[in-house]
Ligand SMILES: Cc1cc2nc3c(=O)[nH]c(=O)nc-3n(C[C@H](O)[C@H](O)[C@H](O)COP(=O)(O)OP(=O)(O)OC[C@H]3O[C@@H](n4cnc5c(N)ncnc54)[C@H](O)[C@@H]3O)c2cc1C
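Next comes just one chain, in C-alpha cells: the form predicted on its own.
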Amino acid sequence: MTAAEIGALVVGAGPYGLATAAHLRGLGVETRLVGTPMEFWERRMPRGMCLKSEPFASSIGAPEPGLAFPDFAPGVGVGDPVPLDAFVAYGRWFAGRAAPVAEETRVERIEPAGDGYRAALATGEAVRAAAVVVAVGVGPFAHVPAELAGLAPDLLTHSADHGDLTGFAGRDVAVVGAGQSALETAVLLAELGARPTVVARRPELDWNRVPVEAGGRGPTAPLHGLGRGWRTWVYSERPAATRLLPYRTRRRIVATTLGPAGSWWLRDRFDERVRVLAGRRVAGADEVGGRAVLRLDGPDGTERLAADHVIAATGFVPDLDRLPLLDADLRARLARWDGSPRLDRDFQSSAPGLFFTGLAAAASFGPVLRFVHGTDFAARRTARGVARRVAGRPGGGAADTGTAGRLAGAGR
C-alpha cells in the first residue's frame, strides 16, 4: 500500500452505504464514504409518501445500540406508517452519529490498481483503496418494460424519477404497476388534482392486512422485517441460509416474496378518484398528437388508453451493465447471477476486494436485501470481509482479524 491508500471506499450514502461505513468505522478500518446521505430518498421519492416497512424494520443496521428508527422517533409502534421526511431525517441523524463524514461528491470511475482499486472522484481526486464497497442502492436499476421504452422522456418516466408530483395536477396520468409504488403514486397524484389510471396485469389489486403484535391460537407466527410468518422469517432473519439454496430457488424466492400489494393504511385513500384497469397487459405504446397511447391486452381484447403522461411503477432490476462507474473490463470479468454479481458469504464479488451490498446482493442472499431491514446483516458481513482483506496492511486498520470478526458479528 502507498501512503495515500486507504482501507475501504464505500460508494453510496443511502441506508446500505451508511450501515456499512458505520460498521467499518467501528472496526477501525480507514474508510471514506462518498455520496450525499439519503439523497435518493429525498430527491427521487415523492413527497407525502410513507415507507411500507414497519418502524422497527426501517432501522439502519448499527454497530451499537441506540441508533434504531424507534430510538430516533420514540413512541412509534407496529402499524404506524413511517413518513418519508421522517425517514430521511433519521438517516441523516444516523449518519451524524455512526458513520464517517460523507464526502458529497460522486465516484465517476473504479478500476483495478495493483492488488486494490483506484477510484476517480468528480472533484478530480484519485483515491486508492484496498477494498471498495458498491452501495449504490436501487436508483441505477429502475426498470421500464420494453413495451413502454419507445415513448419519449417527456411522456414516460419511472416512479423513482419524481420527488415532486405537483406538476401533474389537472393531467391524465397512466400509472403502470400493481405494487405499493404504483398505488401510492396514484393516490398522491389524485390528492394533488391529477386524474390517475392504474394499469395492472393482476385481475384484482392486493392489499396487506392490518398488522398485529400477536394473535390466533397456538404458536404465533413471528413478526419480522418482512412481515409475519415462519418461512419469511428465514428469509428476513437468516439470509445466510438463503444463500445456500440453489440459485433457481433463490431467484424464485426473490421474485415472489412480498409480491405486488398496497399497504393497509393506504387503502382508505385509494378511492373513486383513481381509475383502475386490472387484468390488462401493456402490449405497446405510441405517441399520438403529443399524448401517450397505451395498447392494452385484456379480458375483452385489445383496448387503448390515452394519457398526458405514463409513470412506470415497475420496480428495479439489478444489472451490472448499468453501473458505468465500474471499469468495463472489470464488469465483464465479474461472475454473475443473471445481471447481479455472484457474492461470497461476506458480500465479496469474484473480483477480490470488490464488494456489493443492497439490491445488487439480493440474488445471493434473498429478498431481505431489497429492504432497509437487510442493512444490519449486510453491513456486519461486509465489514467483516473488508476487515479481513485490509488486516495488517499499513494504513488499513483492523489488524486483529479475530477481533474484527467478533465485532462484525461473525456468527450472524
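Here the structure is a predicted model, which means the values were calculated and not measured. In this text, residue numbers run from 1 along the sequence as written.
Omitted here: the form predicted in complex with this ligand. The next part is about that form.
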| property | result |
| --- | --- |
| Candidate site K52, S181 and R370: all three near this ligand in the model of the complex by heavy atom within 4.5 Å | yes |
| This ligand: the contacting residue among L27, V34, L354, L343 in the model of the complex [heavy atom, 4.5 Å] | V34 |
| Partner-contacting position among F72, F316, W207, F270 - heavy atom within 4.5 Å of this ligand in the model of the complex | F316 |
| Stretch in contact, per heavy atom within 4.5 angstroms of this ligand in the model of the complex, of 289-297, 246-254, 130-138, 144-152 | 130-138 |
| Residue contact check: V11 to this ligand in the model of the complex, 4.5 Å heavy atom | yes |
| This ligand contact in the model of the complex: G358, any heavy atom under 4.5 Å | yes |
| is_contact(A68, this ligand) in the model of the complex, heavy atom dist at most 4.5 Å | no |
| Contact test in the model of the complex: V107 vs this ligand, heavy atoms, 4.5 Å | yes |
